[in-house]
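For reference, the chain that follows is the form predicted alone, supplied as structure tokens.
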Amino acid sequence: MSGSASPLLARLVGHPIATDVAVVGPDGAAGGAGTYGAIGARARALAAQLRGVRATLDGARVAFLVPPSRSYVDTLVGVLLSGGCAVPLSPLHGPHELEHLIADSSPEAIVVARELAPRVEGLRGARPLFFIDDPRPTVTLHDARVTAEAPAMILYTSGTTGKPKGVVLSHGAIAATLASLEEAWQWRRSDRLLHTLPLHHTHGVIVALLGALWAGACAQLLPFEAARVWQLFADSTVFMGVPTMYVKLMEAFEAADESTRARWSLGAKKLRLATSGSAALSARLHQAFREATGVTILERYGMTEIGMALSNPFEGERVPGSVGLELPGVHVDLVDDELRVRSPQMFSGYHGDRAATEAAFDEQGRFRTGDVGERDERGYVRLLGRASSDIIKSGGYKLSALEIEEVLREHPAIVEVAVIGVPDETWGERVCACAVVREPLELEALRVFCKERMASYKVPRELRVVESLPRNAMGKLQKKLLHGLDSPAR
């Protein structure tokens, strides 16, 4: 983008070949509407409309509620071109969530898909509403002079404690994330990303979608459905998922007939990169996917506030259960086992919450992740869990819930499991396993299984069999909801 200091906009609308396809829908049809040139033209037209609200948006928030589609990309880029700060809303958000996000971000305007307009009509107040299918003005937009420090996006954290907080990300911070991943994962213009992630979290919108557009690649947007994803692997080079997606993929694979499995396996071998993040991936699932496809899943670690910090190498050993090494430009220290991060990808602050922003950093300016981990002799980092929910203090021992979960997933009766600490007068906390099972399972049988595989003080003292584990839209486990779970103990 001429005349702009934003490296993000320079890449998103400065693609050298306007006829290259940027986005396709579920059917995979390209057409001229999804090219970089066409998206750029529509984005500029929307930006001109938005700047009619206020000549210089200068970082003012613009919220938008648009389903995953080419129009989502048009809207996101248009808001950035206008000089506004994009606040992505999602059709997955409930009424109370939308109310909180709109009230907290206080947007200058709202852009919406016409069919979703009733979701925001009662929440917008006097704010102007723009529809994505309205005719756009043909005026030429003189690009807003957006700096690298200007706010580009506010993404709301999943809100595992209290209401979600708005994480403000600058143009420069997002560009730093994308440049780092382009180098580390060797993004190519010839790549085709199979994109099934929600677009209101950093994993889906920045790491996946903008990662592809930054490289000049193509993204195919569609809802996640396991059999359909298996079919489309044959036309894709990159897939990014969360562990729950890989669980569903392997369930579909195992349920398919032999000829279908053979066809799916052959198609998946065209993937050059399959990543997993947002939650821990079990070693068993890691191995099962590799055996089915020949592809070794690349695990990585990041947060909305810090971008991507750690990754197993694209070329080199990928260690199951590890999130790898620092990405280019990132520094990670372990302080009292907590990961603390310094990075050019760092967020600018929590929107409207200066106290929370200041509390998020230590005296050396490192972000306190709240995640506990350890390094091996090669420098690879393994996460032990959240300091607040995954570290159990029992009988004088400090236990990693994630480590215990890894062993429990090996039990043939267990489909999914989460380990929590339950208050106990004798032990301080006792280890409790909350499990989704495929066949009846009793506590004593589970304890016998565990005693052969772990120290006795790590063995669960309580078993709760549940129908499902509470997760958010990104597949992250919501452990706080398990503590009050009304489920029979065994």
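A residue's number is simply how far along the shown sequence it sits, counting from 1. Keep in mind that what you see is a predicted model, and the values were worked out from it rather than measured.
Beyond what is shown, the protein has a form predicted in complex with a small molecule; the following relates to that form.
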Even though the small molecule is not shown here, does Y72 get within 4.5 Å of it in the model of the complex, heavy atoms only?
no
Whether E299 contacts the small molecule in the model of the complex should be assessed with a 4.5 Å heavy atom distance threshold; does it?
yes
With a cut-off of 4.5 Å between heavy atoms, is G277 one of the residues that contacts the small molecule in the model of the complex?
yes
Is there any non-hydrogen atom of R386 lying within 4.5 Å of the small molecule in the model of the complex?
yes
Is the small molecule in the model of the complex close enough to E182, R272 and S343 that every residue in that trio has a heavy atom within 4.5 angstroms of it?
no
Tell me the stretch among 104 to 112, 301 to 309, 145 to 153, 121 to 129 that has any heavy atom within 4.5 angstroms of the small molecule in the model of the complex.
301 to 309
Just to be sure I understand the contacts: of R354, H96, K398, H331, which is the one whose heavy atoms reach within 4.5 angstroms of the small molecule in the model of the complex?
K398
In the model of the complex, which of the listed residues (T157, Q231, T237, S348) lies with a heavy atom within 4.5 Å of the small molecule?
T157
Quick one: with a 3 Å or larger change, is the A360 to I391 CA distance smaller or larger in the model of the complex? Answer closer or farther.
closer
What happens to the Cα distance from Y457 to L383 in the model of the complex: does it get closer or farther than here, with a change of 3 angstroms or more?
farther
